[in-house]
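Shown next as structure tokens: one chain only, the form predicted on its own.
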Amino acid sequence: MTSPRKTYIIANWKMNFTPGEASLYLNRLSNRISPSRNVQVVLAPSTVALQPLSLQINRRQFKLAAQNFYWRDYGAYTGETSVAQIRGFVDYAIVGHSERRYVFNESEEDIAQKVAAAIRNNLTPILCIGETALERKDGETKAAIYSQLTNGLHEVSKEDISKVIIAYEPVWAISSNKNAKPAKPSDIAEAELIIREHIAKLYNKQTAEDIYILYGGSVNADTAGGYLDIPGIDGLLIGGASLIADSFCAIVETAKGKNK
């Protein structure tokens, strides 16, 4: 009997919590979330909290992810942190988040190099893709997804694509966007099919079937179950709700209930 596909619940804490606050919050989560074979909980604190949390964390309960890094391993890049410097603390790395793309103007080339750097340093990159409200209005959802996948993965070989997780986060549905509108399950299901269709073109059909696809966009305890019920969605990338222990723990328990 084969084991069920793993469900990923990833908490992106963004620029919140001091190292001390992050430690206290991790302790609260540790007391409420038990380890699960089928649900992988990943926490993405700010860079300054990675090292202390890596010493505190129970890796049977949680894994850590980097929110950002520079793609070169070493060098004269004042103020930057390389993935080579944090790889001992984390197992995952978020790449291409919409805030990195549209607030910090990261280019497609930067994103592709970051994906490659994560793989080179034995981390799992979580490549975030998704269309803007204008692209959606103009009927360019498929084109935007195709473009971001093609560019983001162009340094990834057929041998390494299995190491990548894709997170679909439509920019128009993210709660930090003041005009955000919750995505309908049908919207997400359509995007999931588009992603797998294009992965099949870039690699092959089996890779398209096997690759993990997450959803991220204003997910909370009330909506998580509905999103996890969408065929082909393997987990959630959570922003604001991951900062509230009751909400985040409820989401994790929902995921466990759906993947026994």
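Given the structure is predicted, the values throughout are model-derived calculations rather than measurements. In this text, residue numbers run from 1 along the sequence as written.
Omitted from view is the form predicted in complex with ligand 13P, to which the following refers.
Ligand 13P is not shown here, but in the predicted bound form it comes within 4.5 Å of a heavy atom of residue 237. Contact annotation for residue 183: none of its heavy atoms lies within 4.5 Å of ligand 13P in the predicted bound form. By the criterion of a heavy atom within 4.5 Å, residue 174 is counted among the residues contacting ligand 13P in the predicted bound form. Ligand 13P is not drawn, but in the predicted bound form it has a heavy atom within 4.5 Å of residue 169. Between the options 155, 106, 140, 99, the residue in contact with ligand 13P in the predicted bound form by a heavy atom within 4.5 angstroms is 99. With ligand 13P left out of view, the stretch that reaches within 4.5 Å of it through heavy atoms in the predicted bound form is, among 48 to 56, 189 to 197, 213 to 221, 27 to 35, 213 to 221. Within 4.5 angstroms of ligand 13P in the predicted bound form, the stretch 14 to 39 places a non-hydrogen atom from 14 alone.
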